[in-house]
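The chain below stands alone and is given as structure tokens, in the form predicted alone.
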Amino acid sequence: MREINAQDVTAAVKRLCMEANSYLPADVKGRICDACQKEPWALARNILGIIRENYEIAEEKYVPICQDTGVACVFLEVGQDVHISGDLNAAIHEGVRQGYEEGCLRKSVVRDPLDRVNTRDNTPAMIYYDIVPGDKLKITVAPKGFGSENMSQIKMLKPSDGLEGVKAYILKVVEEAGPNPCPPIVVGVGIGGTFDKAAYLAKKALMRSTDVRNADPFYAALEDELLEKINALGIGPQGVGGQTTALAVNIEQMATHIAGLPVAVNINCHVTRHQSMEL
């Protein structure tokens, strides 16, 4: 049994909070650059250029890419042969507190959804656990802004809705979102499981590189088809029109009940932030 000190978890989460808010992943930057070269609409191309300039300045000056530094979503892959010496949840929350304080990141979390009192340190984090083989601990911090989170939806489709119903629903969610989630967007889709599991799959899909397609050829082809159809909507960067409404569609799927077809769509803006570290 390998032991990891909870203080090391705090230090890792602190660092990842600051880095994730300042450094856009290379795959997302590549998608934006590629779209900038291919976009035929002049105004849309100009906006994509401004987006590029923005993330370059953020990286150079180590400042947030966006003023909404999000709620800290923390994904952990915990090796079954790892023991954490200390309170793991508390260590993660402390790392978020330190990262948002030291990084001068906006604190956006309220302690209760109805009384709306700010916690003043961006805690608590939203924590997701996966138990995996091995003796490592992988931590991914993904700050999630709510301009895009608010545009996300979930629906319990009927099995009879089938593939066409799934495709129509995903396109409907994106079309209804319009310019609100600051396109070009990345679309995370979860299909299957239960009501809550589908939503988790959709959010987890956003952690996958936009350059990596689903391992199942059927779903990989569906990702490409949906991306093409979404970009044909003509919403474009920041909603001004053009062929760059989305940078990628990532789908995660799993088994479900014979009577169900849950589909969740978790939209992310072009600032699709996530940074990982392995302890």
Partner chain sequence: MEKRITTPLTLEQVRGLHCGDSVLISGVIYTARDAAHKRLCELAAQGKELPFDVKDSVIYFVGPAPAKGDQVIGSAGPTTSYRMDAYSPTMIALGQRGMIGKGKRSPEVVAAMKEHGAVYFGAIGGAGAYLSRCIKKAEIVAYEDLGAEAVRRLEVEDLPAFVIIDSEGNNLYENGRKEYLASLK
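Note that the structure is a prediction, hence the values are computed from the model and not measured. Residue numbers count along the first chain shown, from 1.
The form predicted in complex with the partner chain exists for this protein as well; it is not shown, and the discussion that follows is about that form.
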Have a look at 76-84, 178-186, 132-140, 200-208 and name the one stretch with heavy atoms inside 4.5 Å of the partner chain in the predicted complex. 178-186
Answer with one of Ile170, Leu105, Ala125, Ile191: the residue that has a non-hydrogen atom within 4.5 Å of the partner chain in the predicted complex. Leu105
Counting non-hydrogen atoms within 4.5 angstroms of the partner chain in the predicted complex, say which of Ala232, Val212, Cys33, Ala220 makes the cut. Ala232
Can you tell me if Leu227 lies within 4.5 angstroms of the partner chain in the predicted complex, counting non-hydrogen atoms only? no
Taking 4.5 angstroms as the cut-off for heavy atoms, does Val28 touch the partner chain in the predicted complex? no
Is there a heavy atom of Ala91 lying 4.5 Å or less from a heavy atom of the partner chain in the predicted complex? no
Do Arg120 and the partner chain come within 4.5 Å of each other in the predicted complex, heavy atoms counted? yes
Just give me the residues of 51-83, first to last, that have a heavy atom within 4.5 Å of the partner chain in the predicted complex. Ile51, Glu53, Asn54, Ile57, Ala58, Lys61, Tyr62, Val63, Pro64, Ile65, Cys66, Gln67
